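We begin with a single chain expressed as structure tokens, specifically the form predicted alone.
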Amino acid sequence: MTIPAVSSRDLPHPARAEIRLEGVLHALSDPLRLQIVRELAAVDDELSCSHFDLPVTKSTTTHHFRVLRESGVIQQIYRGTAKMNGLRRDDLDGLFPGLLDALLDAAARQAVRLGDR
């Protein structure tokens, strides 16, 4: 059962039991979404949407965050006027042990190999 939005500022998230492997893999298959997740994992804290410097329009950025949220990879919550993003590491590690760490490690190795950040 998806956790419904309580108010117009609350965003729906899938319940832990609804998170599916193929949704997570799809969400992480995009380089920009993977970059967002890497940054969230590196700080192990919430970051605002404005923290991320993505080379796309605001509407495309919103789309990427929505895909990550609807797949269960991140949780988004409003704190004042900022939309904060947090990695759902506990849920992902509980459902798919080792998957997130393996993907993050592979992404880091690829970034070094390709000279990305």
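Start at 1 and count along the sequence shown; that's the residue number. What you are looking at is a predicted structure, and each value in this text was computed from that prediction instead of being measured.
Another form, the form predicted in complex with a further copy of the same chain, is not on view; read the next lines as being about it.
Although the partner is absent here, Leu114 lies within 4.5 Å of a further copy of the same chain in the model of the complex, judged by heavy atoms.
Interface membership of Arg109, defined by any non-hydrogen atom within 4.5 Å of a further copy of the same chain in the model of the complex, is confirmed. Though the partner is left out of this view, Leu87 does not reach within 4.5 Å of a further copy of the same chain in the model of the complex, counting heavy atoms only.
Interface membership of Thr60, defined by any non-hydrogen atom within 4.5 Å of a further copy of the same chain in the model of the complex, is ruled out. Partner contact region in the model of the complex: 30 to 38, out of 79 to 87, 52 to 60, 30 to 38, 65 to 73, criterion any non-hydrogen atom within 4.5 Å of a further copy of the same chain. Although a further copy of the same chain is not shown here, in the model of the complex the stretch 67 to 104 places heavy atoms of Leu95, Phe96, Pro97, Gly98, Leu99, Ala102, Leu103 within 4.5 Å of it, in sequence order.
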